[in-house]
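Let's start with one chain on its own, the form predicted alone, as structure tokens.
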């Protein structure tokens, strides 16, 4: 079959780094082609080149067998290439139709032709089996529905080749199944899909062809029937597929965190956390499961002190910290890995040694008397680099120079090395490869073994089940289930998260 996309000998250099080194990728028309590799392997750079966001230093790009030059995403869109980014780019206060047509509004005598826009949107959604309601506000949609809108946005602009960047990262199993059904429908309608994913079982389920990139080079192009997840992991990182299993219980009777009848309101005075109570003990990992938007973020913010609860109490080893400042909670022993490392966890342009001081700058080794201790900060960062395998030439490089996995290991290292009493980890392995994932899991397991109380929030259901001693399910701001990880599967957990299992138990 003819190729929709062909990348030949693509090379891209940055100062001190070769991101892509003579990479080759051929995507046939009407196929789902997965691209796998570690963070920093060059996948993102390659996709940015294909989408016109960056020019290659060397190599050839062909679209439908014709050589092309791509200077911008606009060029890519004109050639029928669309990209759905991992982080959705939707305006919550606009309708589905307004989001879809934004920037591509059909005009009639100087005004937007809403009838034509609606007709085109309906035609696209029906042609590709993507059901949406044009007048729904985006803020009312579930995560899977928002993703569908993102896909329709690129199809509306005429895309025949879709780049999906980590599309399952925030979906529960039932939503992943729906996405895969949509992808198969797109393929049947003639679309070609480039699928970037770290979940190798998903890659094996949905892909027609898999290309593995390692250290900027193409190392293999294989068919799913010819490989296993372990084979792919070894091709990607040179080791077997990691497992999040936590091992024997280390739970004690010593309560570290107690949440009692906690209620948090949003700006519109709606209860986004509704009368929530639970405990986390020393040596215990309590996992919080829930479809995004069901109160997990607001719960975390109340615990770390960036949001104030409307009622209820938060106690750390018996001390009431409900109204304590973020700084006081830090000093009391609370450590935090944020869900968005770029927005909340790092100063991307600052050197690594400055980043390790974030949140800990008022205590040794970052202070000497009333002064900030640069020598102590550099020494602590060097120790974190060694102990947590942060791969960097030195501690002077800016945080943005690290791969996502190494950024996450730096954040995790600086928090755990502060000897905390409570560890709040929000999506600690989101968007990182299997090698970095294994390292993060091991660090969390070791901290648990040393007696650290951990609250784990994750969209990776196998991670929640594998690491947690107890799993709590949040739905519409409430804890609706307390589950034993040894007795549930990811599919069972997904049923609770979407309310299906809760309804069945109530009936």
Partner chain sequence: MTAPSLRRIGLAVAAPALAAGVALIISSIVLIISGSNPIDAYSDMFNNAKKLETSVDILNRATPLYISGVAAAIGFRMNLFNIGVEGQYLLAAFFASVAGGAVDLPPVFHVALVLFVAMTVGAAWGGFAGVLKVTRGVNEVISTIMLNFIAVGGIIAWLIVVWQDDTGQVNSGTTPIPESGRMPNLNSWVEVFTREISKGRELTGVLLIAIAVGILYHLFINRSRIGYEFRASGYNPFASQAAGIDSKKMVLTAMLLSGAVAGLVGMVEVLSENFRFDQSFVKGMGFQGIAVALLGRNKPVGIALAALLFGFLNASAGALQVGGTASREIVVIMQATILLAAVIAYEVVNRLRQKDEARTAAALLAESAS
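Numbering follows the first chain given and starts at 1. For clarity, a rigid core is taken as the largest C-alpha set superposing within 1.5 Å between two forms. What you see is a predicted model; the values in this text were computed from it and never measured.
The same protein also exists as the form predicted in complex with the partner chain; that form is not shown, yet it is the one meant from here on.
Not displayed here, the partner chain is approached by residue 354 to within 4.5 Å at the level of heavy atoms in the predicted complex.
Although the partner is absent here, residue 106 lies well away from the partner chain in the predicted complex, with no heavy atom inside 4.5 Å. Interface residue remark: residue 330 is counted as part of the site for the partner chain in the predicted complex, having a heavy atom within 4.5 Å. Although the partner is absent from this view, residue 359 contacts the partner chain in the predicted complex, with a non-hydrogen atom inside 4.5 angstroms. Proximity to the partner chain in the predicted complex, defined as a heavy atom within 4.5 Å, singles out one entry of 326, 102, 112, 89, which is 326. Listed residues 189, 319, 122, 347 were compared with the partner chain in the predicted complex; 347 is the one with a heavy atom within 4.5 Å. Shown alone, this chain has one stretch from 256 to 264, 419 to 427, 204 to 212, 371 to 379 that lies within 4.5 Å of the partner chain in the predicted complex by heavy atoms: 371 to 379. If you fit the rigid core between the shown form and the other one, you'll see the Cα of residue 279 move by less than 2 angstroms.
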